[in-house]
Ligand SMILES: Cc1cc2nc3c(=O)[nH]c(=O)nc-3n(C[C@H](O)[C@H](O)[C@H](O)COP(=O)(O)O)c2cc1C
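To begin, one chain is listed below as structure tokens, in the form predicted alone.
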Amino acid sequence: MVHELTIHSMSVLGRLLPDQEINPALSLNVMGLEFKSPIGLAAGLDKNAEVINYMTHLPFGFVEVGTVTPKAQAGNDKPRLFRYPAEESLRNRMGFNNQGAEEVLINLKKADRRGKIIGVNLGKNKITQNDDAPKDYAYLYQKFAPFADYLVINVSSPNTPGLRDLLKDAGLRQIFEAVDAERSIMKRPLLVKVSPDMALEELSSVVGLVNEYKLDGIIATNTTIMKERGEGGISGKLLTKKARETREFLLKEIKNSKSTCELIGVGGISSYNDLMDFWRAGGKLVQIYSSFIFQGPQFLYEIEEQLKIDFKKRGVKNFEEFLHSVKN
């Protein structure tokens, strides 16, 4: 109920709020797209593309909506969102609740993007058998490609039974194959979102498939399972260590395979130091979710202010120069 009220309030406010300037020195070009800032909003908060107007008013460089499925679905039974305030973490077992592709597309088309990058996170319906999952992803790609700046294949949520089985080589290959046919008609940057609970050899396999099918990137990571906490996926500070280790491994794999794909970092990023860890490891774009819930928009302004201080300290003029300075 709280989430629904918040989304409604943001939806109303978003129509009234003006643009906010982002320091132009923070812009960067990734995947052929011009991002006004390296900080984005992760999928999961704006499931139905209802509050793009509000989120693009804030100093986000990009906003990812969804997860959207072909048909509307109610998701898992409530309660399905649990807060751990002392640990600035969440546990959710939402189950891809959304209004379905048709309704989300209507919202996406009428949104005021304010020149920001908008991504759409794609998932299969719960009733869709894994053997038929490639059809769901191909349909969604075809539906949203004309209206999204980039698209994400999400097979890493722990809240849809059997979904993570599709992260294995055979499952991903079939999905990439099906979507590849649609990509030949309309090309949009395409990424895959991975789980922090995957074995290292599974992550290596994902990098190999991403290279083989020429995807544009990987998003790391989704939520983690902590059985002692109950059903669902954990995000926030409880995820930090595992997500960071997954990202650092993937960045090395990408570099060693001479891949041109990008890695968008998400999961357990709750401070400027967490951002710096990612940038030092070789990453660029970052998404936040739980830290936005707990710290609010103020976190974005703190990041921007800290970057301004660091730019001056390092004697750099833009974000690209800053990235080069932190890696050396």
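For every residue, the number given is its place in the sequence shown, counted from 1. Predicted, not measured: the structure shown is a model, and the values here were computed from it.
This next part talks about the form predicted together with this ligand, which is not shown.
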Whether G119, I218 and I264 all lie within 4.5 angstroms of this ligand in the predicted bound form by heavy atom: no
Distance check, G44 to this ligand in the predicted bound form, heavy atom within 4.5 Å: yes
Heavy atom of L300 within 4.5 Å of this ligand in the predicted bound form: no
Residue contact check: L81 to this ligand in the predicted bound form, 4.5 Å heavy atom: yes
This ligand contact in the predicted bound form: T67, any heavy atom under 4.5 Å: yes
One stretch from 22-30, 284-292, 255-263, 53-61 that, in the predicted bound form, holds residues within 4.5 Å of this ligand by heavy atom: 284-292
Selected contact from A178, M94, L251, M226, since only one has a non-hydrogen atom within 4.5 angstroms of this ligand in the predicted bound form: M94
This ligand: the contacting residue among A111, A148, V210, L239 in the predicted bound form [heavy atom, 4.5 Å]: L239
Stretch 182-210: residues contacting this ligand in the predicted bound form, 4.5 Å heavy atom cut-off: K193
